[in-house]
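Have a look below at one chain only, the form predicted alone, in structure tokens format.
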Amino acid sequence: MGSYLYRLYRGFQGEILAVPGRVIALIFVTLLFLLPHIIPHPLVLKIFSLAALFAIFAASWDFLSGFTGQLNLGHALFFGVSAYSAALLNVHLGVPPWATIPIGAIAGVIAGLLVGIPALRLRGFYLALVTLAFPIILIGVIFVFPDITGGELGLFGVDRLSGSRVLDYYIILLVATASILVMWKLTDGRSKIVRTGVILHAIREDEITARASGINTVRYKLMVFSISGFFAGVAGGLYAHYIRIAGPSILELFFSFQPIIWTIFGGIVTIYGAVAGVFILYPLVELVRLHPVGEIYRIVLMVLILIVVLLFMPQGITRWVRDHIEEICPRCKLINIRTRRYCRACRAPLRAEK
């Protein structure tokens, strides 16, 4: 038992504590779990609860569009299908939240497959236009059946996740942490256990070459659409039960652009960049809304911040920070803190001597 704990500690020390970016992530997640004890204000809990579920939403877009290059401008479809599925089952049939959220996530998978099938023959701008059309179609369906879907006003009276705002916060945070870790692991090109990351990178860089190399690109593209739809669906189901309403606003064009803005701001093709983008931009914009004129200028502020970041940090804020605190060993490709002169594993010089 002692030797097992020692190996676990050595692995934690080598994989987490020795990598500056992961240390920052660990500290950040720890602070999030301590937040209700540090700042127990209901508004703060609400903002960070929504930020956590939007982080799943943004990371699922990065998983699909960032890692495979399948540009999806209608990502709100997966979120909205799940939110409405969970709300309809709960309001009309009385299904509890612990069942409606997984069912909503499955509905997100089905929506992902429906979008993914035409995506097999489309690329780039044409694919973007097709994905953009799906949420608009769903809004039309919602308006046609107002007695069932609530029409323009939305579907009210959805059950809460739990009886406490603090417990709601922890449920969302735990689901978000697990979901983001799964997506990060599936896209990790250095993983020795899960090899999908390398394949997704190959499809994004050159799909024809990947197919010629023996990769079943059709299967992997459908898989990516399904997984992305699943996690966006998880976020949608949580959202419906947390806000207690499912309305057509979650299918609007701007809502589909939100995960794109968050991901580009934080750093595309990273997963953690999308999460950082949400947790920086969303609370900031929501706090600005508290000002009497904040509702008018909040979008302007977000756009100005995005422009500044893209001018000085074109690859996103997390990549900029990572490049300034980490150094990759040219020999063994291990990540080291930038202040080191020699690699912590193979002792190779990290930078050329002047």
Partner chain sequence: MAAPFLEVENLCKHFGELRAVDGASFHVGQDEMVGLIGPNGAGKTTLMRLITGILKPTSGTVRFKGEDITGQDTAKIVNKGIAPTFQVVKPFRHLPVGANVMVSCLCPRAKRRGDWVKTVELRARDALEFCGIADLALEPASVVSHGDLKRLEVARAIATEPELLLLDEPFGGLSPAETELMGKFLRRLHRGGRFGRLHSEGPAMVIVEHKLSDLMKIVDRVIVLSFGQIIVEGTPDEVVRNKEVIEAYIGKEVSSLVS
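Fair warning: this is a prediction, and the values are worked out from it, not measured in the lab. Residue numbers count along the first chain shown, from 1.
Beyond what is shown, the protein has a form predicted in complex with the partner chain; the following relates to that form.
Shown without its partner, this chain lists 333, 22, 10, 340 as candidates; in the predicted bound form, only 333 has a non-hydrogen atom within 4.5 angstroms of the partner chain. Put simply, of 123, 211, 160, 92 only one has a heavy atom within 4.5 Å of the partner chain in the predicted bound form, and it is 211. Annotated contact segment (heavy atom within 4.5 Å of the partner chain in the predicted bound form): 201-209, selected among 173-181, 245-253, 110-118, 201-209. Residue 164 falls outside the set of residues with a heavy atom inside 4.5 Å of the partner chain in the predicted bound form.
Mapping the unseen interface onto this chain, residue 185 falls outside it, with no heavy atom inside 4.5 Å of the partner chain in the predicted bound form. The closest heavy atom approach of residue 141 to the partner chain in the predicted bound form falls outside 4.5 Å.
The partner chain in the predicted bound form is approached by residue 194, whose closest heavy atom lies within 4.5 angstroms of it.
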